[in-house]
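Below, in structure tokens: the form predicted alone, a single chain.
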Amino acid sequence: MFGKVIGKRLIFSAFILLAVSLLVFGATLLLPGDAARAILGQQATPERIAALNEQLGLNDPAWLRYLHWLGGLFVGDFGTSSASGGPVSELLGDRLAASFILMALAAIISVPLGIGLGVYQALHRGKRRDQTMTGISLVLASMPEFVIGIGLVALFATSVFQILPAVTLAPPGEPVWNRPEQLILPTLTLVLVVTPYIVRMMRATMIEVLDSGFVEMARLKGVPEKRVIMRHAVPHALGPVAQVVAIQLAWLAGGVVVVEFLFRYPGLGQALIDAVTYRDVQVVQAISMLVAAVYVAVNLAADVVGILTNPKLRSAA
């Protein structure tokens, strides 16, 4: 039954991605301006524009262009960049790796940190340390990512300590992880944006679980408190928190655009901004589909975690 439920979720996810592909393709058709004219710039003569439209297949009907593009997605062919003239997959290869490193670091730090701090607050609810941490998380949750990023730059890269680079220093072609110090501020910005939501949800869920009957029964039976927390309370609290974690990790795929632009980080976010600027439709479509795929995959993983950590859902599945 569990496999059947996951199979249904996979089919539903495939339909979501198909709907997103229609929306993305339709939205790029509505972009203002002429793609060929934007690419050619001052050399945009009528003859050159006509030749470039023919070369890029822009004279074909919209439905035919969509089918060609959709078929390419199934085999990993995102098309040809109209700005550089090369394959989109090659253009985005290094940038995808750079963004993945940034998002993976933020997720690896923020998820266990948020869960741990939420459990700690729940165990000390009502005390001054809990109130202080609640206030800090509320302030961080209310601040946009660019405000947090600018604050970190001012604190660690300019006027106060001056110990970290304010922007990415790696030259083109060099992997960003060759200089780990330039990953610290972007990663810390994402961590400070994502963690407060996980902390607040984990605290609320953990308090509800600690007040439940089965936890009280375990304590009455003399089960050690550490075992009550780690074996009984925390696993039951992770189910609802998994959805919040999924939302935050999915946000990383989109929110990383602002952070990468702020720190001049050579990832998908910077590539998306450049593609919009030069009206490189194929790159915009590819990045949009990659972000949508991350959203769907993360939410699917959250559904699996929610089923596995909830005995009622697991038995029903």
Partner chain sequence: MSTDANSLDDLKSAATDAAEVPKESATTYVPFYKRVLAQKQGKIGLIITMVVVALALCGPLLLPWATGNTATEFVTKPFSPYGLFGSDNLGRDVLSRFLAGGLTLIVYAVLATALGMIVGALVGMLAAYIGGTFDAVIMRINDVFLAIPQLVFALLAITVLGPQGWVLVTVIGLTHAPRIARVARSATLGVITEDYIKAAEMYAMPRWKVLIRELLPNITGPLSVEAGLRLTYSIGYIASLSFLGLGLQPPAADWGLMINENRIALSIQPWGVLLPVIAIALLTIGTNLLADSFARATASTSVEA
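Since the structure is predicted, the reported quantities are computational estimates derived from the model, not experimental observations. Positions refer to the first chain, counted from 1.
Same protein, other form: the form predicted together with its partner chain, not shown, and the subject of what follows.
Within 4.5 Å of some heavy atom of its partner chain in the predicted bound form lies at least one heavy atom of residue 16.
The shortest heavy atom separation between residue 113 and its partner chain in the predicted bound form exceeds 4.5 Å. Interface membership of residue 163, defined by any non-hydrogen atom within 4.5 Å of its partner chain in the predicted bound form, is ruled out. Using a 4.5 angstroms limit between non-hydrogen atoms, residue 71 is distant from its partner chain in the predicted bound form. Each of 12, 200 and 288 is positioned with at least one heavy atom within 4.5 Å of its partner chain in the predicted bound form. A single residue from the set 184, 238, 246, 153 has any heavy atom within 4.5 angstroms of its partner chain in the predicted bound form; that residue is 153. Listed stretches are 140-148, 99-107, 73-81, 187-195; the contact stretch with its partner chain in the predicted bound form is 140-148, by a heavy atom cutoff of 4.5 Å.
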